[in-house]
Each structure stands twice: as C-alpha cells, then as structure tokens.
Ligand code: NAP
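The chain below stands alone and is given in structure tokens; this is the form predicted on its own.
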C-alpha cells in the first residue's frame, strides 16, 4: 500500500514489510517516510486546517456519515485485514470493524453539537451591560499516533473527532499494523473529505514521531501507547494540547460473596482476548482468601480450554502475539514470578509468537507480572483478607485506567467506585469493556484526557470567550 501525503498517494523505494505474526508471511509493504515527507505533510496539514475550518457542521457530518456507511459496507473485508495484520482472531477483527462504524457515526453526530454557551456576565458586580458567549473553534493541525492492537478503531477514535471538530489530521499508524489506517484514509477521501484534510505517514515512531510532535505547527497530539513513550512525547511536545491513553495492569477484585462461575467466565473473556494485548485486559485478580482455591478451580478449566492457533481459523480463540519477542517477554515474566514463589496453574508455554493462556497464582504485588503492564495472555492471582486490603492492593500501582469488582454487596461496590484510582470502573464484570461513546481515559500514569467522540471533540477544539459591551 501507499501513504497519503499532501493530497497524493505516494510510494518510496525504501519499504517496510507488514507481516502476519502467525506464520511471518508478508501481507503487504508500505513506504518508509523520511524527513521530506514529514515536512510536506505538515505544510499540507496547515492548508488542510484552513479548508477544514471553513466546513459547516453539516458538511462535516455529511462526510463522516458517508464514511460510516462505507465502513459498514466493508466490515468483512476490514475485519479480515485487521486479523491478518494484527493477529487477533477473525471474530475480534470483525467486531473491531463494526465498532469502527459506530465510532465514526458517533463522530458524525457530534459534529452537529460543537457549540458554546451564553455566560451571564451581568451576574458579576461590574457586569451591567455586558453579554457573553463562548464559541468552540478547531485546534488546527492534529497529530494522531495510534498503537498496533486496535489498528482501525483506535485510529477512528482520533480521526473521527478531529474531523468533527473541523481540524486537519496527520495519522501515524503503528509500524506493525498500518494497513487498516490506510484503508480508512481511502474511505474518508471517498466520502468527500477535503484532499488535504488528512495525511498518513508510515514508518517507525523514532523516524517520524519526534519530528511531528515537536513541530509548532501542530496544535494537538492524541496518542495511545505505552507509558514510557507517552512521557517522552509530553517532554518533546512543548506547549500543545495533548491526550495520553497509556498503559495499565488492570485489577479485578473478587469478593467472598461473588458468583465464582460468573467471575471465571468474565476473567477468561477479559484477560485473554486479543492474546491479552488490550490496555484494559484483566491482569491482576485479587481474590478473597475464603474463596481463593475455589476461584482457581473455577477459572482453570475455562482458560485451559481456550484454543490457540492461526487467527484466521474460525475455531481458534487466541491468536499470536504481535511479535515473537513479545511472547518471549511474557514467558520471561512468568518464569521470573515462578522463581520468586508463584506457581503456574495452567499454560506457561510458548511456541514462536504463540503464548498459551496462562494463570499464575500466589503472585506477590512486587512481582513484575503484577506491578508492571504485562500486555499478554496471562493473569496474576493474589489473595486478600478484606475490602480495605483489596482496594489498597488495587491502588498499589502507578497505573489507573480500569478496574472491576465482583460482589452482590452494594456498600462494597460503592466503596470500590469511590476509592479505587481508575478512570473506568466496572461492577460485576472485568475491566475490558468499552462502549465507544463513553468517556474513556485513565488516572495517574495511565494518562489524561478522554476519548469517546463527544469528549474527544472537546479536547480537539479551543474555547473562546466573546464579550459584547452594550450601552444598556
């Protein structure tokens, strides 16, 4: 595939291979952008920002609405492409494509709702004869840097609101999974987006990222990825609007009154989808001591039954990790935990980029599999004595993206909601659940700012205050 720069589809002599992580076969190639491409994209985005700002809300709605229709017509094609380039199973690829339709349609609807409000300036002691109104205007040039694990829908979460808010956007997709983002760019242009309303640069973050985020022509950066890269971007960006969706090691608290079969089903679903490569995957299962062994007995058969293999095989439930080195890292962390006193209940084996769904029990809070972001198909199970200890363990981390609790006790559930330091809190389900229209974002080092089209548009527009000084 080609990249799209300054209103043109371009190729380069230097290319990057996009590979299927299951068999390492080459799916396609993309150009490797250089400094000249970055400069052309920035100049184009400046022009594009002026063109986008002139569009009416209705025109932005019309473009995004049409793009959502085109996405919907290509769900099967896009779902398969996602599965091939990312490694998630076909059902998950299709589900992501369907969610992308919702995300772009929500962005279309929110394009109609970009507005300000009147401010009662005459309520001030010196405000007689003053009338105030706020208006929202586009930031201008938005840089959208997306991760590999949701190569279509997370790009939509950045591009959709940027367009709805009247901005031009430069997309930097993940190096491993750029193809879905290129298809989205084609669809947006087919839907009537101004030719310079979008640019897409393919290449490594080291080659492209710093040059984009440091440039003063860029007024907004939206990034999803690791905590360390997010911190680097913040240090590099300077004075810009920034949204950071970073990592997590999401906890689930299992209280003694929980339905253990329901908990086991939820953990098997939310801990291993996409081979655990979801920032809100269940990673730490904090389980009441009274039901600890019973919970492990309930969870073990559900996890060991998960079929691992070729993601394009409809019978497979867990595909490969994005790269073999990531599967090797997960294996290292599991072995490190076992060497420090934990035990593997099921799984713990690797074949290439495939890592067997794994349960690690008797995990201590200072083990890397608990205190860091694993981003792989293993969960760490640890005991606790009461709700206060459970909440303390849940909060004993730099992260704070999502958390869950299982209980029938309303007081415990509400105490969890008030006191657990996470941006998304789930009662009687695991943390890996998201409706694309909700405000989504983390606390602490899991980032700042919110996604969800209605909320992202606020992050991608500037608020102006207009004051009329009237005679009476």
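Residue numbers count along the first chain shown, from 1. Just so it is clear, the model here is predicted, and its values are computed rather than measured.
The form predicted in complex with the named molecule exists for this protein as well; it is not shown, and the discussion that follows is about that form.
K.L.:
Could you work out which of 311, 180, 370, 146 is the residue within 4.5 angstroms of the named molecule in the predicted bound form, going by heavy atoms?
P.N.:
Selected residue: 146.
K.L.:
Scan 140, 347, 203, 400 and let me know which has any heavy atom within 4.5 Å of the named molecule in the predicted bound form.
P.N.:
If I apply the 4.5 Å criterion carefully, the residue I get is 203.
K.L.:
Please name which of the stretches 117 to 125, 336 to 344, 216 to 224, 186 to 194 has residues with heavy atoms lying within 4.5 Å of the named molecule in the predicted bound form.
P.N.:
That would be stretch 216 to 224.
K.L.:
When you measure heavy atoms, are 173, 210 and 246 every one within 4.5 angstroms of the named molecule in the predicted bound form?
P.N.:
Every listed residue reaches the named molecule in the predicted bound form, so yes.
K.L.:
Although the partner isn't part of this model, could you tell me whether residue 61 comes within 4.5 Å of the named molecule in the predicted bound form, counting any heavy atom of the residue?
P.N.:
Answer no; every heavy atom of residue 61 is more than 4.5 Å from the named molecule in the predicted bound form.
K.L.:
Considering only heavy atoms, tell me if residue 440 and the named molecule come within 4.5 Å of each other in the predicted bound form.
P.N.:
Close contact exists here: in the predicted bound form, residue 440 approaches the named molecule to within 4.5 Å, heavy atoms only.
K.L.:
Would residue 232 count as a contact of the named molecule in the predicted bound form, using a 4.5 angstroms cut-off between non-hydrogen atoms?
P.N.:
Because a heavy atom of residue 232 falls inside 4.5 Å of the named molecule in the predicted bound form, the answer is yes.
K.L.:
When the contact criterion is heavy atoms within 4.5 Å, does residue 292 count as touching the named molecule in the predicted bound form?
P.N.:
No, no contact at 4.5 Å.
K.L.:
For the stretch 264 to 300, I need every residue with any heavy atom inside 4.5 Å of the named molecule in the predicted bound form, listed N to C.
P.N.:
Counting only heavy atoms within 4.5 Å of the named molecule in the predicted bound form, the single contacting residue of 264 to 300 is 279.
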